[in-house]
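Okay, here we've got a single chain as structure tokens, the form predicted alone, with questions on binding and movement later.
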């Protein structure tokens, strides 16, 4: 259930055209993080170096990390269900010495259900916090939030920031950053990689952001294989961006054509919540099932990623156990990397991490 005053999900949010997020250009402090289009190759290098440093320090129980966001407060505003993104942001903030505040008993019990619009809710949170983590079902909602938070900055003489935790079927920038870091970490770069994205490429904001970030990184030696049912193909707008970046693109409905030459397999679920017609979902939900027998066709040094949660797209719980035991399955390391990347991002945006 969504609030009665929620935007129509079929309509474009005007703030996508009205608001342009500030580029990072090597300086994260005070910047909203709402799109991968804010990042260039050098920004990723800076963030990944900081992430690796934080991971090493955390593994060594370096309590100096608690000073990086000491005295800072983050608010979580999640209009959609979340487990990993919500918990990883909360854990990241606390491990940096900051505090986290959530709407009492969730957004469903907040003033949103009294009819308050997103603009006012975000500004209310901005009056109390240094950072707002926003997940919302409408594409462009994070742009709208950033626009009104900039207006608030002029009034309160502080610079609270928005960090997108997922923007409808649009983008999920921090997921893309952790995905990129995971690939970089396991493959020591992106040179001559074949990366295969499988499943719901139409509605999956994780694959949208990852694809765009690969293009912005300048990973022109990457071959990107897009495997999906015809009805769940990657949106044409994103395909045009990839082609403009001269990326090598392979589109197919047959996984067997590409799995044997793939270095990175990125598996996704078909997103039931994005379908208005249950029959349409039922027709495509079992199009691609990752099973041990499927992974057996992959290279010995390939890695299997998944943003999770997983449902039937990885078979039964017994199949999950077999897949989890395969050293090529790295989705739990990928999940842990999410906390490290978000720690680095929060520390840099809030001004506590200078190296």
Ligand code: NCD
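This one's a predicted model, so the numbers in the text were calculated from it and none came from an experiment. Numbering follows the first chain given and starts at 1.
Not on display, but discussed next: the form predicted together with ligand NCD.
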Does the 4.5 Å heavy atom contact test between residue 322 and ligand NCD in the predicted bound form come out positive?
no
With the cut-off set at 4.5 Å between non-hydrogen atoms, does residue 209 touch ligand NCD in the predicted bound form?
no
Against ligand NCD in the predicted bound form, would residue 84 count as a contact residue? Criterion: heavy atoms within 4.5 Å.
yes
Would you please decide whether residue 90 lies within 4.5 angstroms of ligand NCD in the predicted bound form, comparing each non-hydrogen atom pair?
no
Work out which of 175, 121, 262, 228 lies within 4.5 Å of ligand NCD in the predicted bound form, going by heavy atoms.
175
Interface check vs ligand NCD in the predicted bound form: of 26, 309, 292, 30, the one with a heavy atom inside 4.5 Å is 309
Name the stretch, out of 68-76, 278-286, 167-175, 191-199, where some heavy atom lies within 4.5 Å of ligand NCD in the predicted bound form.
167-175
At a 4.5 angstroms cut-off on non-hydrogen atoms, which residues of 121-138 are near ligand NCD in the predicted bound form? List them in order.
135
